[in-house]
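Have a look below at one chain only, the form predicted on its own, in structure tokens format.
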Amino acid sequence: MIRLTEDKTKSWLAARGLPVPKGVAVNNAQEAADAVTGFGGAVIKALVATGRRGKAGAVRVVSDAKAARDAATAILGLSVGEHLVERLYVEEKVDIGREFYLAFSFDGRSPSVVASINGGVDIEDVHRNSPESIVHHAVDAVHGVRFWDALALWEAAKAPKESLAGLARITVNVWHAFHDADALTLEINPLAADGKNNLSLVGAMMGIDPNAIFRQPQWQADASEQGATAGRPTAGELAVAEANRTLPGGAVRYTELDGEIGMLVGGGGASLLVHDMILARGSRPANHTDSSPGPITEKLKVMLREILRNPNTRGLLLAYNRLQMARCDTKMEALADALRQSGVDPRTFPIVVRLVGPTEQRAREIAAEFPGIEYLDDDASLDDAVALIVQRTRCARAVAE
């Protein structure tokens, strides 16, 4: 999941007409002090893509520029979870009379909505101590959230009657923002009401589906920065993420591991199965890959090139379940291109191919142009392919040592 920082989330929400306090992202304490000048009161927040900032002391209310500078200095450099605070979000202070909670996410494959009249920084305590005050409804994937659906949600949450209509309208609009963003999560906490019952989205965090990032160009840079791993992405992961962002076709993902056998495997969970098969035979994968169906040849070229460039990789397994609509030759063309660019010699670097399906004969002809590639017979199983690449890789390592 691609987690957005609060400034980007709120910019998305504000563009859809939702009531978001004025705010600006800043880089240092002086910029924070300058930003506060235009506000009667302000809140200084750590600009990191995670929650629980208030509990970590990374959210502070200030009244003037000096207080803003001091608060910003104190927050910069803090660690919130695994995130180091390097930027800040300065937001106009909102009068809060009551705090609600609203969130959209997925339960398995279906969207759902959660609401509570007890929002704020203690929402986890509310969940533990008063679970009955948190209402959870499934969302109709076809019709989404309609006004009467939202009204029923907040009635079930026992929201004040004078707030029901406003909360329902906000909920419908937040649903559309969630849906249009291809989001996996969207949390509004708090959804605040002032003394006049005006509602405002004071806290907002959103996570985007990485498989849909090609439809959301405004966040593709975030996808590249976050890479495919939870930690700092490798150069290879960044290169594949950039190719996924800029080249046409379906989505691809590439994660480097600490093993020695490079893998480009696909077809109905086959990559996970082959991963386990390699481990069962006493070896370890050097990477994990995933790709969606569709024309992704150019992206495969980049992914194969990065697999071959990984200094830990001692061999390569290119194996798919029996292909039905996809072409075998396009995958071999991608491998051929990567071999030419990388200069890898299959006579010393073992490569095992198990591709069966349309244009297989052409794929075998391409493989024959590179002596050393072992293209298995049609009746060979994925386990046969794993056994062979593990054996060949061990032999190559022994020779090298």
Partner chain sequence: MSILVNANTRVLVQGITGFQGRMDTEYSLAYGTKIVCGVTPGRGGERVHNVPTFNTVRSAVSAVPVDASLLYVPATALRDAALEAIDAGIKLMVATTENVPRHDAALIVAEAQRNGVSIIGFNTNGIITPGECKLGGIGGDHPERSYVPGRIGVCSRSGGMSAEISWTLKKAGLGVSTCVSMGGDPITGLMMIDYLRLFESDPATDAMVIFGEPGSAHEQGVASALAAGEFRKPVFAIIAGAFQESYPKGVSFGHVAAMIADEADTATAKRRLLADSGAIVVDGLDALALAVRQRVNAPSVAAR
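Nothing here was measured: the structure is a model prediction, and the numbers come from that model. Positions refer to the first chain, counted from 1. Note that the rigid core is defined as the largest set of C-alphas that superpose within 1.5 Å between two forms.
Here the subject shifts to the form predicted together with the partner chain, a form of this protein not shown in this document.
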Which one of H288, H137, K301, R98 is close to the partner chain in the predicted complex, taking close to mean a heavy atom within 4.5 Å?
H288
Check each of L308, A239, A270, L76 and return the one that places a heavy atom within 4.5 angstroms of the partner chain in the predicted complex.
A270
Is there a non-hydrogen atom of G120 within 4.5 angstroms of a non-hydrogen atom of the partner chain in the predicted complex?
no
Quick one: does A183 come within 4.5 Å of the partner chain in the predicted complex, counting heavy atoms only?
yes
Residue-level contact is defined here as any heavy atom of the residue lying within 4.5 Å of the partner chain in the predicted complex; does G166 satisfy this criterion?
no
State yes or no: in the predicted complex, is some non-hydrogen atom of K196 no more than 4.5 angstroms from a non-hydrogen atom of the partner chain?
no
Have a look at 158-166, 309-317, 105-113, 198-206 and name the one stretch with heavy atoms inside 4.5 Å of the partner chain in the predicted complex.
105-113
Could you list which residues of 134-153 come within 4.5 Å of the partner chain in the predicted complex, counting heavy atoms only?
D140, A141, V142, H143
Would you tell me if G81 moves between this form and the one not shown by 2 Å or more at its C-alpha, with the rigid core held superposed?
no
Relative to the superposed rigid core, does the CA atom of V43 travel 2 Å or more between this form and the one not shown?
no
Tell me whether H179 is among the residues that move between this form and the one not shown (Cα shift of 2 angstroms or more, core superposed).
no
